[in-house]
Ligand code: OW4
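Quick heads-up: it's one chain on its own, the form predicted alone, in structure tokens.
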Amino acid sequence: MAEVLERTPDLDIDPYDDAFIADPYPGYASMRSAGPAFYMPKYACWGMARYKEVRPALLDWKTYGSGMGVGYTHFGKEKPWRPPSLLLETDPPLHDRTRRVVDRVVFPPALQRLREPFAKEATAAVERVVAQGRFDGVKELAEAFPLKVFPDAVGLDVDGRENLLPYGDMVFNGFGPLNARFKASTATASTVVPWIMAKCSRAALAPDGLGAEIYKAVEAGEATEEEAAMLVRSFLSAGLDTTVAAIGSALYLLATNPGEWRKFRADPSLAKNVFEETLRMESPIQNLFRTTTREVELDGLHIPVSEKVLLLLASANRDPEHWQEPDRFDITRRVQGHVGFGVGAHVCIGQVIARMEGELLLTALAQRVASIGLAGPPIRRFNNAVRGFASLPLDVRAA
């Protein structure tokens, strides 16, 4: 256990408690008030919740490393429950080599060929729910749209795609302590994990998909066959759950902020900014861990080497010291600098595709829907790291 020095504030707050996950924002305010860093005795780890510490820590991989895992489990002390990600859970120089392979595949110009088919499917998805009038915004839009276009783009066949979301739920629950929530999410692991591993093989992927593009690095001598399979696996886990969560949150915020919806209806070109404000306001990734590679001093507080530090991205994105009226949904806000998808060397690898999906689906919504509102109480999804909805009943009226 870490040596907790006299000036270090201890916080008896559990970010993995159901009540906290249901409404984390009062807890985040208490965490920010504690200062630049605090200690959580229950988990024997540290936390940072203010923007001015969280963002620099995300950028400083030399001090706050990812190689010991970006979840609660310390890979230097415990065996990880799955093979570590070659993207999220490595540091340079290995990280730079593997990241280059995937960055080349998701570089924005390389994705332009996907824009037209994504836009076509976004239009079809919105038209289906508009024809119904009342629908579940999670199941029938936030999940249905990415579950169609993203696996298509990667090159997965349609068989077994229902395993993708349970796998992602398991992965992101694994970023927290291996608690009852994580254990419940592994109930289908014996089916889901082998399916994922099989679908990441070269033979299982369509020759014209993004997954096959990753395997080209093997011929170029930039990765081994095994590494390419692991990179495809990381791509699948990074490119779906957070996108689903962000789209669901965008629908909720638009449905519960009629003034902002009217602004958006009047100017659908705001779709990109609507999505970015959603990423700030309801960060799909609430938190990630780093591990100190040296002793850190912050305003007199000392964090020893090899300590886990929980970086509360969602709290930083609502820090009133950085954002004006941070709890207000404002689709015209200058929102640059949020950390909803992380930042720096380990920024979410799926963020380029997620942003394109969010923009296209929201544009189709603004163009085809006159009004949107809640048709019943939303049901929150409980996950150790991802904030989203399990169900979102909506009413829409066609434009």
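From 1 onward, residues are counted along the sequence shown. In this text, all values refer to a predicted model and were calculated from it rather than measured experimentally.
Below, we refer to the form predicted in complex with the ligand, which is not included among the displayed structures.
Of the residues 275, 72, 172, 264, just one reaches the ligand in the predicted complex with a heavy atom at 4.5 Å or closer; this is 172. The listed set 301, 88, 193, 255 contains one residue whose heavy atoms approach the ligand in the predicted complex to within 4.5 Å, identified as 88. This chain is displayed without the ligand, yet in the predicted complex the stretch 229-237 from 293-301, 229-237, 314-322, 125-133 comes within 4.5 Å of it by heavy atoms.
In the predicted complex, at least one heavy atom of residue 82 sits within 4.5 Å of the ligand. Taking the partner from the other structure, the ligand in the predicted complex has no heavy atom within 4.5 Å of any heavy atom of residue 223. At a distance threshold of 4.5 angstroms between non-hydrogen atoms, residue 285 is in contact with the ligand in the predicted complex.
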